[in-house]
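In structure tokens, the next block holds one chain alone, the form predicted alone.
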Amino acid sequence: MSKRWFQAHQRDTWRRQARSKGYRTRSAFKLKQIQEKFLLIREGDLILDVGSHPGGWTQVAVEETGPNGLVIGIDLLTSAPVEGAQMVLGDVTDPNCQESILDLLHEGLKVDGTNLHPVADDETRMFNTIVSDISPRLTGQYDRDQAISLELVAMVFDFTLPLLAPGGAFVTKIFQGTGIEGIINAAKQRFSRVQRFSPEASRSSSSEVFLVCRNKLPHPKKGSRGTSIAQELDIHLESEGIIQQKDSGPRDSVKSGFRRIPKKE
């Protein structure tokens, strides 16, 4: 850690404000500014926070939904409890974690033994908004980090969109750079309004931007039916010549940068 970075970190206005207002992270102000601009969360809403550690976005979501809302946060890292929210430890792609989320979604928060969102046993409940400030572990290699980031965003989309109600909103962090249009185009097939937004609380040196998707369509547009966002991202990257799809051989591979490298036995 450089002395210059530490001094800048200490002078960070948003960091000081977060501490004074009781938020766990400065990034809480990013969601607050997104909310001020787009009004995505309403009182009583059901919210899923993906990549919730350490809980700053979860705190803001609880504030916005009020006592009758339901906020569920999920992350691979353990977070201290957030009053008014339910926290799930694990991977959103893990079937067991997905089952835990569905159980919490169906049961709802309970206060004094009263279910705030009573539902019939056969009724399917869905989230009003899904938010994600998730970020991969960065390596410092731009191409590789950009590829990992895009794959992570596509994964979050594909695993959580089935839980988002028609008309709902989805917000995720994404990094500007090669391939971003593939994610944006895929999102436009599933939402009527999609745009990029840079909160004031984002560091000026960061390439991060937030993809704000509003009004989820009841069904993807015809060109995207039967395909996942991850598949559409790959198609876009292939069309741009960023990655090349092999004509034969196993598809069990991992990505390094924008090139597919077969796993070593």
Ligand SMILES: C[S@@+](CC[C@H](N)C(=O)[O-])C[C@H]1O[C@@H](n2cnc3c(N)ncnc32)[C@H](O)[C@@H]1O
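The structure presented is a predicted model; accordingly, all values stated were derived computationally and were not measured. All residue numbers refer to positions in the sequence shown, first residue = 1.
Beyond what is shown, the protein has a form predicted together with this ligand; the following relates to that form.
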Under a 4.5 angstroms heavy atom criterion, identify the one residue in 103, 91, 181, 143 near this ligand in the predicted bound form.
91
Selected contact from 195, 135, 176, 139, since only one has a non-hydrogen atom within 4.5 angstroms of this ligand in the predicted bound form:
135
Select, from the options 61 to 69, 232 to 240, 25 to 33, 215 to 223, the stretch whose residues sit within 4.5 angstroms of this ligand in the predicted bound form by heavy atom distance.
25 to 33
Though only this chain appears here, would residue 152 touch this ligand in the predicted bound form if you measure heavy atom gaps against 4.5 Å?
yes
According to a 4.5 angstroms non-hydrogen atom cut-off, is residue 74 in contact with this ligand in the predicted bound form?
yes
Contact of residue 54 with this ligand in the predicted bound form (heavy atom, 4.5 Å)
yes
